[in-house]
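Just one chain follows, in the form predicted on its own, and it is written as structure tokens.
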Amino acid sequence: MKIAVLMRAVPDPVEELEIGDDGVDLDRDFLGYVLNEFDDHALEEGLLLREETGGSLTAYAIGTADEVTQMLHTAIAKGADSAKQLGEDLDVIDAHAQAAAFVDAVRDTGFDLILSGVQASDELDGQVAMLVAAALGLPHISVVVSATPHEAGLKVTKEYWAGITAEYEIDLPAVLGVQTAREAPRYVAVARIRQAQESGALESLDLDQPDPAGRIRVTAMRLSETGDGAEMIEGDEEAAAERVYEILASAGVV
């Protein structure tokens, strides 16, 4: 099975996020980036499938930041056969432009399976895998929690709300949006990452700047307003119940 995994770098959640002077984006001058956690699960599920079926796995990521290079070398150290770093000076782009860049990179490569995280922490609309599938004319399943070989395709478990899951059989080639892998993403030692850096398995591909037509445009960003805080209700049950009723009545609820 020939597998592609589409990965994205997102702002490190431990960083103190600040809004830039333009008021429409984060201040990215000193912002660190990490691999999107859902893409890490997509990589793990891809590695499991490659180990079960043979073949090859290639990791893709957009951007030339050092963190992007590092996460692709980490993918190689974990077991990816090769990695492709897309774009030289691509701006921060939305899900539609990301999908277009990935499609340009994988369109004529003959992959049997394309995996992506179900969403990313900095966009949360879960569109990249769907848009890639639509552009390539391939079947797609999202919110995947398991994918195992089955006859000529895959048996895929999709999670719905309230803990409901459904099993599907899907023919290949296909695109999956992965929520969690069957196993936790594997740890890789720093020494193996250094070996990956020397392996020559990482290739840089130049891409044209995506067409801005139809893209979502941020018009303003702001910090949430600080409220008055919570009221701590004291007293016995009767006094507390009376105060709760007063609050609800003043809000017009009762």
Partner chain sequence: MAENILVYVEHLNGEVTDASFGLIALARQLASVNGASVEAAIIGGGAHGLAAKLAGADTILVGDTDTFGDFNPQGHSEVFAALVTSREPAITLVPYTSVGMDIASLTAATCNLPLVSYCLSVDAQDTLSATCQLYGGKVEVDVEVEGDRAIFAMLAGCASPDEGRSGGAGVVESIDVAVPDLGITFVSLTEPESGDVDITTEDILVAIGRGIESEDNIEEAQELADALGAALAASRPIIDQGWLPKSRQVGKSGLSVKPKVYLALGISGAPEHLEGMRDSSTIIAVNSDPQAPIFGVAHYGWVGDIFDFMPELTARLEG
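Predicted, not measured: the structure shown is a model, and the values here were computed from it. Note that the rigid core is defined as the largest set of C-alphas that superpose within 1.5 Å between two forms. Positions refer to the first chain, counted from 1.
Although not depicted, the form predicted in complex with its partner chain is the subject of the following passage.
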Quiz prompt | Contact flag, residue 180 vs its partner chain in the model of the complex, heavy atom cut 4.5 Å | solution = yes
Quiz item: Do residue 11 and its partner chain come within 4.5 Å of each other in the model of the complex, heavy atoms counted?
Solution: yes
Quiz item: Within a 4.5 Å heavy atom cut-off, is residue 125 in contact with its partner chain in the model of the complex?
Solution: yes
Quiz prompt | Contact of residue 227 with its partner chain in the model of the complex (heavy atom, 4.5 Å) | solution = yes
Self-check item: Segment that reaches its partner chain in the model of the complex - one of 194 to 202, 44 to 52, 218 to 226, 60 to 68, heavy atoms within 4.5 Å
Solution: 218 to 226
Quiz item: Among 148, 82, 109, 121, which has at least one heavy atom within 4.5 Å of its partner chain in the model of the complex?
Solution: 121
Practice problem: Could you list the residues in 239 to 254 that come within 4.5 Å of its partner chain in the model of the complex, counting only heavy atoms and keeping sequence order? | Solution: 240, 241, 242, 243, 244, 245, 247, 248, 251, 253, 254
Quiz item: Fitting the rigid core first, would the Cα of residue 23 be found 2 Å or more away between this form and the one not shown?
Solution: no
Quiz prompt | Cα displacement of residue 229 between this form and the one not shown reaching 2 Å, rigid core superposed | solution = yes
